[in-house]
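Below sits a lone chain in C-alpha cells, taken as the form predicted on its own.
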C-alpha cells in the first residue's frame, strides 16, 4: 500500500465533519459506512480489544475484498479470510494464539493461494501507522535490515543516513480508509477512553480517514470530562459510535472481561481437526444464524460471559 500524498491527506482532513455532534448508530449502520475493497485497520492487539462486533457486522453485511491491517492478528484473521471479507491481511504476526499455535485456517488459505499474508516487523507496523498519523510519507528505522522479512515486502527502501552515513530503512506510511477500534467507554461524540495498553490505536485513529468506535458503554460527556487524562482518542477523529457490550468476545477487554478460554479452546480444536469444515461451521453458528449481536452472545453462553467478566474485574482490581 503506497503512502497517500500529503496534500491529498490535508484535503481529506479539511473535508471531514469535525463538529461536536451525536454519532451514535447501530452495528448495521456503521457497517454500511465501509465499502468493498477499502483498507480497514483494526485496533487492539492479538486477543486484546479486538473489534469483533464490527467484524461480525461486516461478515453479515457481505463485505468483500477489504485490505486489513493490524499490529498482531489472531482469530479475527481466520474469520476475515474464511468469510471472504478479506483476502489480504497485513500484520507482523498471525497465529491462533500462543497457547494454540499457528492458525491452520490461515495456512490453508495462504498456501492454497486464496489469500495473501503481508508480513512486516512489529516495529515497522507501528512506525507506518505513526507516519500516517503525522502526515509524513515514511519513517526511518533499523529493524528488518538484513532480515528475510525485508525481502518479502514491497515499499520499504534502504538508504544511507545523511547525517551519520549509517544504513537505515524507510517504511511507507499507512493511512487506512477506515479504522475499527473498541474501547471501554466513549461518549456520544466519540471521545474515547482506553484502560490499559492503548497499543497502536491512537496513531491508527489519527492516520485513518474514518473511524468507527465501538464501546462497552456510552457514557455522558460530563463523565468523560471527570477523567480527561483517560481520553486517548478525541471526538474530532471519530465518525461513528456504536455501543456493543462484550464487543470483543471471545477476546478480552481489559478491566471488563478476560478471554473466553473455553470458547477459544473449542474453536481451536474444531479448526485444528479440519480447518475448512471447522471454520465454516463456526461462521454458520455464530455469525450467520444469530439475528443480532445479542443472539451472538447468547450462543457464546451466559456462563462463559459471567466467568470472563469475573476474571476481568479481578485483574483490574489488583
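Computed from a prediction, not measured in an experiment: that's the story for all the values here. Positions refer to the first chain, counted from 1.
Keep in mind the form predicted together with another copy of the chain is missing from the figure; the text below concerns it.
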Given that another copy of the chain is not shown alongside this chain, does residue 138 nevertheless sit within 4.5 Å of it in the model of the complex, heavy atom to heavy atom? yes
Even though the partner isn't displayed, in the model of the complex is residue 218 close enough to another copy of the chain, meaning a heavy atom within 4.5 Å? no
So, residue 245 and another copy of the chain: in the model of the complex, are they within 4.5 Å at any heavy atom pair? no
Heavy atom of residue 88 within 4.5 Å of another copy of the chain in the model of the complex: no
Looking in the model of the complex, is another copy of the chain within 4.5 angstroms of a heavy atom from every one of 157, 168 and 172? yes
Just one of 241, 80, 105, 127 has a heavy atom within 4.5 Å of another copy of the chain in the model of the complex. Which one? 127
